[in-house]
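Single chain ahead, written as structure tokens, the form predicted on its own.
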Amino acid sequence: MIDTKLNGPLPAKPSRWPFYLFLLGLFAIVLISAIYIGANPITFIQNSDNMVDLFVRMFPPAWSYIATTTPAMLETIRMALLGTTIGMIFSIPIMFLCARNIFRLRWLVELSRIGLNILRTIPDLLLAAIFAAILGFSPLAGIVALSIFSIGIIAKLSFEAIENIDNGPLESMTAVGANKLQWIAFGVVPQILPHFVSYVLYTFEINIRAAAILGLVGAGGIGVFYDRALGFFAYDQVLALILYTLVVVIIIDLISLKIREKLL
């Protein structure tokens, strides 16, 4: 008969002091940061009258303003669509150049990643302001800004997906003498295509939100009407625009979610 009784000593319970010290240190960093930048929660209480007055002036929303801004909303969607598409096209070579398991030249990979990090560092609103000064106050400036912004997101997520693919098919293709293009087309693309499409849809969702505020710097879209309504303190129109944008974003999110579910 087998003796199943455990005779050995039980392992010691891990100490939780490191975890508690981490939480304490994190709280101290947040507290010091709040004190340094003057983030005083009492300010909200002191300015509560202004907040109440703002909310009162927002209601009821100016529903009639939605009809006026519908062409600008459609322009915003077109800007996001074009920006995402152009960004997707340019991100394809960049994501392969950034993947260590595709190109073995370390200097090429690192140089590509540095360039990608530079693109990701510049905020989309700043990009829109720069290109609005170069190309004029038009939707074209917003499209270029969103394209560069999209390259940063799609290429970053995609090259990380490439580095996590199964290398078995790649090794088999190398053994039978496949060249680099065949290696990528038949060994890499089939594995990352669902993820790539998912990242493109995710970027399109982000660009819808981003395009809605690019008009604040003269880059076209519904942001022009946000800027105008805020400038005239027409907060009922601002609320109508917020609700309108919310509905459009929710619809696009739901459609995108269904497509991603089918792919993944």
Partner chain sequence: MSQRDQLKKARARKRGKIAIILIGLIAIYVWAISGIEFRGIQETAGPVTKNILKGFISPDWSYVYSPDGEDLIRGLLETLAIAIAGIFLSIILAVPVGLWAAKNLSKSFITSQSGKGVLSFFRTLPDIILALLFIKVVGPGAFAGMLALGIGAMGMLGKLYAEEVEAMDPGPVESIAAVGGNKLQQLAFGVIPQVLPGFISATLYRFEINMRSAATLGLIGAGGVGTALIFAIQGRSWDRVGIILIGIVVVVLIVDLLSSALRKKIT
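Residue numbers count along the first chain shown, from 1. Rigid core: the largest C-alpha set superposing within 1.5 Å between the two forms. What you see is a predicted model; the values in this text were computed from it and never measured.
What follows is about the form predicted together with its partner chain, which we do not show.
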item	value
Interface residue in the model of the complex among 170, 77, 161, 109, criterion: non-hydrogen atom within 4.5 angstroms of its partner chain	77
Proximity of residue 121 to its partner chain in the model of the complex, heavy atoms at 4.5 Å	yes
Touches its partner chain in the model of the complex: residue 129 (any heavy atom, 4.5 Å)	yes
Heavy atom of residue 56 within 4.5 Å of its partner chain in the model of the complex	no
Non-hydrogen atom contact residue 65 with its partner chain in the model of the complex at 4.5 angstroms	no
Location of its partner chain contact in the model of the complex, chosen stretch of 101-109, 177-185, 162-170, 136-144 [non-hydrogen atom, 4.5 Å]	136-144
Members of 230-254 lying within 4.5 angstroms of its partner chain, judged by heavy atom, in the model of the complex	230, 233, 235, 238, 242, 246, 249
Large Cα move at residue 47 between this form and the one not shown, threshold 2 Å, rigid core	yes
